[in-house]
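Okay, here we've got a single chain as structure tokens, the form predicted alone, with questions on binding and movement later.
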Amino acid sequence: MLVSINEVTKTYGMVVALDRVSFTLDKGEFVFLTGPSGSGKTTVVKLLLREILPTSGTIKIADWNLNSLKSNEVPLLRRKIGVVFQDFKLLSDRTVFENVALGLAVHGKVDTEGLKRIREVIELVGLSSRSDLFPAQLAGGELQRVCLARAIVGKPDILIADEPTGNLDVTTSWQIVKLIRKIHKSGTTVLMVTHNVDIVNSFSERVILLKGGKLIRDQKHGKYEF
């Protein structure tokens, strides 16, 4: 078991963002976390990244107990998690290669083997010919590919793709989803957060459905509506 969320509740004042939510993720799984806006998806991501703590319940990732994690251990935890954001979060003054290299820099000095790994993941996402360009010179789908490369360059235990198609057109969205599935098939555990039911319903993968902060369904197959 790679991730364990057990009876987790998260409140913001009087607002209940998550209400006694429990689920686990096994190593090697591909799981969609879905639900309408305000269902609690973003709160789950923030909890897994240890940006916030649960009001009650426990969260574990591998051997890490996030409830009792010390502040100086949080960066070590995040080295095990690759994250792709909807709004890219790339550095505008760095090239594609340099942005991807930042994903390894958090692990320490980038040596010869690290440079080889950077080139490998840039090739994997189909941007070898664009590696010297800056973000402003790239299209939206290319920007998201850079984010994917940066997220997986450090060989994380889990890739969290947080609404990775939210700012993309339909065709580009499908290209990104197919790329994420390719990354999964290479051995990376994937949690893809999305409210796009068309994408969710097009794959026979496990789906965790949240509504109003509650876990409504956790199963494979079936059609989902909000």
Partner chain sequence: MNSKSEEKQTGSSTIGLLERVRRTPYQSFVATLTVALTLFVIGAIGAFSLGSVIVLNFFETRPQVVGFYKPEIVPTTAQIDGLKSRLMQTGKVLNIQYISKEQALDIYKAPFKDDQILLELATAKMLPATIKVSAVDPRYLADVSELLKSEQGIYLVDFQKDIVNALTRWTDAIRQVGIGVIAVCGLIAFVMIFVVVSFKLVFKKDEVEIINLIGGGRWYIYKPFFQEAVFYGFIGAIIGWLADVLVLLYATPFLVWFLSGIPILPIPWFFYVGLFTAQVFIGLGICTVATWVAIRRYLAR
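Quick caveat, the model's predicted, so the values are computed rather than measured. Numbering follows the first chain given and starts at 1.
The same protein also has a form predicted together with its partner chain, omitted here; what follows describes it.
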Any chance Glu113 has a heavy atom within 4.5 Å of its partner chain in the model of the complex? no
So, in the model of the complex, is Arg145 in contact with its partner chain at a 4.5 angstroms heavy atom limit? no
Just to confirm, Glu51 within 4.5 Å of its partner chain in the model of the complex by heavy atoms? yes
Heavy atoms within 4.5 Å of its partner chain in the model of the complex: does Ala139 have any? no
Could you pull out the residues of 71-90 that have any heavy atom within 4.5 Å of its partner chain in the model of the complex? Pro75, Arg78, Arg79, Phe85, Lys89, Leu90
